[in-house]
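Shown here is one chain on its own, the form predicted on its own, set out as structure tokens.
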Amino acid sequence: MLNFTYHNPTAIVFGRGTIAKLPELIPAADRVLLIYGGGSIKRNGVYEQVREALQDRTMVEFGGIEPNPRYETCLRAVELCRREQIDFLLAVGGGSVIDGTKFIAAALKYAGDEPWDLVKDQAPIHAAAPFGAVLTLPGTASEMNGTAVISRESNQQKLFFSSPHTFPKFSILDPEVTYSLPPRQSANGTIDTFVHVLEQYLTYPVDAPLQDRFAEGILLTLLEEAPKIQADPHNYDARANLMWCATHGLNGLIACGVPEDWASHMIGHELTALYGVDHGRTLALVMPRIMRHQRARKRGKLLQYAARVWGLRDGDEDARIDEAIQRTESFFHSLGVSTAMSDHGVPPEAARLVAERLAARDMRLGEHADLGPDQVEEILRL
């Protein structure tokens, strides 16, 4: 097992009716900025719950955070915070709203001239405004990590940043608020979680059996619970289990002491930036292709994945790997998500364009950090 340090300062408040606990979590004298997305929280009752819980607080609202939060939109929120002398940020929404809030929190304390440097150049973050989250769409685990992905419309870039200062102070997770999610969003969140786990698990063995078992437990739970939600969107236990899987999929715990890949995410970000494909759907497109392209170097973990997750323990090893990859794709298909590029409006020339964009930033991908533009193009052409 590799050396590691694990630190997670986010307090999780989980279960029915927990939005009512907001007054206990936000300092009484703080001026609060409520940050949300396109307005779904006003249709599903979450907005009313938040307003009622904080009815005695001074609260300003900022809506309109996009599904891929835009730098330009976040800057408007920064200006509003300064104008209204905001003390505390409250993100109410899915991963995009929380990611946008993380950037707003960091930009408010940034001393440089161009906040985009926090993303483009990974400029050091020495402080961030305090913020919390009410999660409405599980998948990204942004509610319990310090990482965010921000898009800039002017140059079609989608980049990430991460800092110990951009962890939420708390996150409220009430599974009931996910009942009204459209099937498309539920599927995206499930695939995002599944691939998050694979990025940290499907690399090479380093004698970390506990982390492997944690990861496999999340994958098996997703396989068991996702069909229950398709059959009954109001199945509280299934919603709760999926929500908890999503949080643990990327809160740093299963990454302790193991190598990580993240190539599918880096490639997927480019597909979103270029063609507007939902993040979860880009992962469904890219991950099976990476599994096939990298099957020789991932062989040991692919065989373990085949045996422990899919129950494939007998017969030819290559056939087992083929079947495990096929079953992974079939799981994505069962959620209504195609793994064919053309079904998502991604043209053949995307392979070259994505490779060129990554080459321009001199990015090397994968757990060995040696996948260059040629390999990326090969992966997308499979």
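From 1 onward, residues are counted along the sequence shown. Because the structure is a prediction, the values reported are computed rather than measured.
The protein also exists as the form predicted together with ligand NZQ; that form is not presented, and the subsequent description refers to it.
Heavy atoms of residue 182 reach within 4.5 Å of ligand NZQ in the model of the complex, making it an interface residue.
Heavy atoms of residue 101 never reach within 4.5 Å of ligand NZQ in the model of the complex, leaving it off the interface. Interface residue remark: residue 147 is counted as part of the site for ligand NZQ in the model of the complex, having a heavy atom within 4.5 Å.
Not displayed here, ligand NZQ is kept clear of residue 168 by more than 4.5 Å at the level of heavy atoms in the model of the complex. With the partner removed from view, the residue among 250, 306, 77, 226 that has a non-hydrogen atom within 4.5 Å of ligand NZQ in the model of the complex turns out to be 250. Note that among 209-217, 173-181, 104-112, 298-306, the stretch whose heavy atoms approach ligand NZQ to within 4.5 Å in the model of the complex is 173-181. In the model of the complex, 37, 38, 39, 40 are the residues of 8-42 with at least one heavy atom within 4.5 Å of ligand NZQ, listed from first to last.
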